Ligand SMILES: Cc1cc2nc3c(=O)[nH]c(=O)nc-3n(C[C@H](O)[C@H](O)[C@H](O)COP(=O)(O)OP(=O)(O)OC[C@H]3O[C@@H](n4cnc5c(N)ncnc54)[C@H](O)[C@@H]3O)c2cc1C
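Form predicted alone, single chain, as structure tokens, below.
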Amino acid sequence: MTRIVIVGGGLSGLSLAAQLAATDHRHPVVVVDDGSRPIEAMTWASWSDRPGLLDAAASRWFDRIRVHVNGRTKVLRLGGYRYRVVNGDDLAAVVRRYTGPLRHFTFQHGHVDRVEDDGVIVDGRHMRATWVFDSVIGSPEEPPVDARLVFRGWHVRSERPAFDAEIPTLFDFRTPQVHGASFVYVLPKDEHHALVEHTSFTAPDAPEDVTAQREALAGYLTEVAGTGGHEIEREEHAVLPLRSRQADRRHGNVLTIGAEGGLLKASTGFAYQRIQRDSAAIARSLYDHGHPFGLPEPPARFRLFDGVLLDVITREPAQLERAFGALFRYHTAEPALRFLDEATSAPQEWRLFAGMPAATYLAAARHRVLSS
């Protein structure tokens, strides 16, 4: 009998489980997770221009964003896109609506020791599977790390009404650029509460300066947001390796998914919507072909674009603001978001690249192509 094992009950594992349930996939599905990263504590934000299976998990939707780039603050409508916020507990609840009534879906607590071609080893015992979807162990041969994305976020309560509850700030460059290309992201809850996050792109071997990150956050809240004093209710932190080259996702009957499968976009760090599309494609392939490998291949040029940008900004951090300024220079954010979604044509891309230093990027592209 065909059996599917999903390793990891985080975003990618649950998204795939929901897609399998929605496509009327009848084979037994087991989701194995050790509970080391409770999904209830997680939150994701993303943009999309179309309905999705898990849209009911979104707690907030926005049709505008704010950016501060090249000395100017702009509020941009999103055109055909919407920006959404998904909390982990809401996501888990929506997934249960799809999988709960189906007896062939089970969720098992356990630690996956390793993944094998015919199954997984869970707490020392072999669990046989026809197909394994791995979001935890990862590929045995990973591509080199081009850069790191360093997040440090504060969930704050301000004394003054410092935040616009209807408009998130996608990036604000009014923060020091000493330790890499950096910006501040603000996701508001109401006028007094927000997640304020300092984000930096750094070289792979650059040391992390926690003090500088916290000083940058404190300075932003005081001098830019004007909180009049604030309380830090919770701090969150992550360091994500950014790889522009795609690893081989398939190893026998094993397919890596989620961030381990290269779904984290190297130039932005966003993965939520990419994981949704990938999960739907896997479910369709299983339903149509009886195997999960009939997945669409995105144009290779977007990985080249990501790699070139990382090469440039890790050497010249100031170039990130120039690049974002070029992408978001229109009266709507839709052209930039469509490019970041890898859904643009070559002529559209050349128009977006106008305003960037051509010689700098062409030299970086030439070096990357010749060294590959």
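In this text, all values refer to a predicted model and were calculated from it rather than measured experimentally. Residue indices: 1-based, along the sequence shown.
One more form of this protein, predicted together with the ligand, exists but is not displayed; see below.
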Item to complete: Quick one: find which of 25-33, 314-322, 330-338, 56-64 has residues within 4.5 Å of the ligand in the model of the complex by heavy atom distance.
Response: 25-33
Worksheet entry | in the model of the complex, residue 219 touching the ligand (heavy atom, 4.5 Å) | no
Worksheet item: Applying a 4.5 Å heavy atom distance criterion, does residue 151 contact the ligand in the model of the complex?
Response: yes
Item to complete: State yes or no: in the model of the complex, is some non-hydrogen atom of residue 270 no more than 4.5 angstroms from a non-hydrogen atom of the ligand?
Response: yes
Practice prompt. Flag residue 275 as yes or no: does it have a non-hydrogen atom within 4.5 angstroms of any non-hydrogen atom of the ligand in the model of the complex?
Written response: yes
Worksheet entry | Of 259, 266, 78, 255, the one that lies within 4.5 Å of the ligand in the model of the complex (heavy atoms) | 259
Worksheet item: All three of 145, 200 and 308 touching the ligand in the model of the complex at 4.5 Å, heavy atom to heavy atom?
Response: no
Discussion item. Just to make sure I understand: among 101-123, which residues lie within 4.5 Å of the ligand in the model of the complex, judging by heavy atoms?
Written reply: 110, 111, 112
